[in-house]
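Below you will find one chain, with nothing else, as structure tokens; this is the form predicted on its own, and questions on how it binds or moves follow later.
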């Protein structure tokens, strides 16, 4: 049975903490750490792994980050974060200056160093099905095992199908010289891109999936400063811990797709989905978080996680219990097509030869992540219909160019909008919200805007002479 400790709810953040607040949080939390801390290794230095390694070093742990990608290791060791995340470059500098953070490609060094080894590699969607691709998780486990010569704990943080932990335990104990002295636990991650440092240093909860009192004690030691700071902990079995992340993501995806389904109803009836969402949010049973209509969700977690959850449930013979998630996914995909419909309507019925300005490429603001980005999917569909598409994003341009070289990219929002017949807001960066509609009207060919994120002040834009459209709102 799960046990919950320190169960007072934590504060919710609507915007990333400032660096000063982050630094103070790290200082306050690290001061609660006991003198004897386990040595940590973090296997995988992508978004999750790099953030975890950096923040744990700042909290006072001796951390070794490990990756097969030498370019990542060299970048991090030189003080450069190879992706955009607010506050993380400052944390990396602090961690490196402390002498508690190092990086390597050598698994033998990792096996010698770590008392607790965190697995933080990716689990993308498989190319041949909706299931999770576990090659990286299983591979790093198998490769690390021969170097585990003493009692230690391996901790999975990656998002995996339920049942994976049991298989990884067998791989470890069959291949490690220490045999059954090597145990496995699961500690799912709940990082939000744009808030990753805050979510690591001040999480709303920790989940410890373990099979022994010793493993529990090791995890508690590995998170001692956070526990001393009062972060709630759920002590669970391995299958429950594996399920938490996919269950949480499925719930959030359902809430987002629900309000977007209501947007379709609003479009058919002349109702206003923004007013509807506001009215619903006052019901304490529903609340306003994630009840935001628009272009839908993307990124490297929600889309692939709900598909993998459906796939695993079907393997277990309980597919009917999560069949509704197929409709959640379908509604989310439809929002992209419907956004293209609005842009086409604003262009006069055809996109052939029409200049369209696409503001945004990242799947969300405060990130350069373009995985399954609705903004770029919309831009791609516009291009396929013959539109002349110009894309601008404050942080995701390099990633977008590599993934979609057929699109045209601008150096600023104003450049992207020059001579456009339709402007489409597709990622709700603050700088896009702050654009003066009167100034932008001076550079476009026609003042038509499609607000794919309900981020703009409709009255202000209409008052500046723009034709304003948004999903779920009347023209």
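Residue numbers count along the first chain shown, from 1. The shown structure was predicted, so the numbers you read here are calculated from the model rather than taken from an experiment.
Keep in mind the form predicted in complex with uridine-5'-diphosphate-xylopyranose is missing from the figure; the text below concerns it.
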Subject >> in the model of the complex, segment of 90 to 98, 136 to 144, 241 to 249, 279 to 287 with a heavy atom within 4.5 Å of uridine-5'-diphosphate-xylopyranose >> reply: 241 to 249
Subject >> Interface membership of residue 296, uridine-5'-diphosphate-xylopyranose in the model of the complex, 4.5 Å heavy atom rule >> reply: yes
Original post:
Using 4.5 Å between non-hydrogen atoms, is residue 381 touching uridine-5'-diphosphate-xylopyranose in the model of the complex?
Top reply: no
Subject >> Heavy atom of residue 190 within 4.5 Å of uridine-5'-diphosphate-xylopyranose in the model of the complex >> reply: yes
Original post:
Does any heavy atom of residue 231 come within 4.5 Å of a heavy atom of uridine-5'-diphosphate-xylopyranose in the model of the complex?
Top reply: no
**OP:** Would you check whether uridine-5'-diphosphate-xylopyranose, in the model of the complex, lies within 4.5 angstroms of a non-hydrogen atom from each of 50, 117 and 153?
**Re:** no
**OP:** Could you work out which of 364, 311, 235, 338 is the residue within 4.5 angstroms of uridine-5'-diphosphate-xylopyranose in the model of the complex, going by heavy atoms?
**Re:** 364
Subject >> Answer option from 126, 292, 326, 167, heavy atom within 4.5 Å of uridine-5'-diphosphate-xylopyranose in the model of the complex >> reply: 292
Original post:
Which residues in 298 to 330 have a heavy atom within 4.5 Å of uridine-5'-diphosphate-xylopyranose in the model of the complex?
Top reply: 298, 301, 302
